[in-house]
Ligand code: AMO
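Below you'll find only one chain, the form predicted alone, shown as structure tokens.
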């Protein structure tokens, strides 16, 4: 097959309309299904845009073409040249009468997993054969939507006047403290895979004011839940001359923009997944107010953190809403979050969590931009300021107050689409038990 010619002449299935009836077309894709009725043979051909029926009639079809239609295996890759014909019985109300069929790649049989839209194959086995699971339209729908999500995030941030940046993934010490790191050998030195671009985006925001990135993070935590991964992507944002309420507003509007874009662009994929989305509203409450709500609901809340059960309840009480829980106890926030005076000597922080659809999607707040206070906070958290010398020194020469946040890409995808397991929202998941494919 001349692939250059194929790319010039090929038509995507979704573009076929009544204007093409009676015309000769060239299509390519995968054999999704086939039927042999003796004198008539059918193939359902699928490309990335949709499906169409290819119909071979023994009395009129070329012998080699008719014979090939019987031998083609499911998921084999073929190129079909033929005439478009109106057909009320065909799935798209039209079919292709083939003049030639070329086999580009034969799929071995049996196929190890069910790749139909009604697959009963369990998720772990589907992930073992993820390259084949990606043939499923429902799986494709998830990642088409995730693609829109990333593009929408970029569009929103560019409209906000933010600069996109790329940060290092290899670091010399912990970015946050308290989180286990994946160790790596860096020539004669010990290095780590980054669990956050937090420190770097702060440095950049203190000169370029507004900065964003889509950043891969690694966390060596030995959890194995439906909501955690050991490698994930984050949508990160940092802004100078801003407190936590300024960036909470940005986050709320960003999520609204993303959901709206998905609703506009991915109608077909949402229909495929059986979903009807709503652009979320926003709600603000202090941590103390959240605690009181949970007491009324008889749900336990920790001294300085919300339990998974509490997050789930907030999702039930405020559906389709991004709930910002702010004025968090200082003891429950990282060293770089700015302290805040509370009532009667309460140690509060300028940190917040954003809860959406019953789960935390973001943690952020105003950062400590004062070197001596930063040293103090590091010591309180049991960290050695010497390990953060370059970070501390970056705030000694004109660093404005600044704030920011990070949102997990896969978790946001999971919650928007109502997926049961975050691994559904990752092309090739990395967790405690999975390193391949």
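Just so you know, these numbers come straight off a predicted model, no measurement behind them. Positions refer to the first chain, counted from 1.
Just so it is clear, the following notes concern the form predicted together with aspartyl-adenosine-5'-monophosphate, a form of the same protein that is not shown.
S.K.: If we define contact as a non-hydrogen atom of the residue within 4.5 angstroms of the partner, is residue 360 a contact of aspartyl-adenosine-5'-monophosphate in the model of the complex?
M.R.: Close contact exists here: in the model of the complex, residue 360 approaches aspartyl-adenosine-5'-monophosphate to within 4.5 Å, heavy atoms only.
S.K.: Does residue 198 make contact with aspartyl-adenosine-5'-monophosphate in the model of the complex, using a 4.5 Å heavy atom cut-off?
M.R.: Although aspartyl-adenosine-5'-monophosphate is absent here, residue 198 would touch it in the model of the complex, with heavy atoms inside 4.5 Å.
S.K.: Whether residue 406 contacts aspartyl-adenosine-5'-monophosphate in the model of the complex should be assessed with a 4.5 Å heavy atom distance threshold; does it?
M.R.: Residue-level check for residue 406: yes, a contact with aspartyl-adenosine-5'-monophosphate.
S.K.: Decide whether residue 364 counts as a contact residue for aspartyl-adenosine-5'-monophosphate in the model of the complex under a heavy atom distance cut-off of 4.5 Å.
M.R.: Yes, residue 364 is a contact residue.
S.K.: Sort through 206-214, 225-233, 81-89, 163-171 and report the only stretch with a non-hydrogen atom within 4.5 Å of aspartyl-adenosine-5'-monophosphate in the model of the complex.
M.R.: Only one stretch qualifies here: 225-233.
S.K.: Among 106, 99, 128, 221, which has any heavy atom within 4.5 Å of aspartyl-adenosine-5'-monophosphate in the model of the complex?
M.R.: Spelling it out, the residue with a heavy atom inside the cut-off is 221.
S.K.: Considering 417, 13, 25, 422, which brings a non-hydrogen atom within 4.5 Å of aspartyl-adenosine-5'-monophosphate in the model of the complex?
M.R.: Partner contact (heavy atom, 4.5 Å) among the options: 422.
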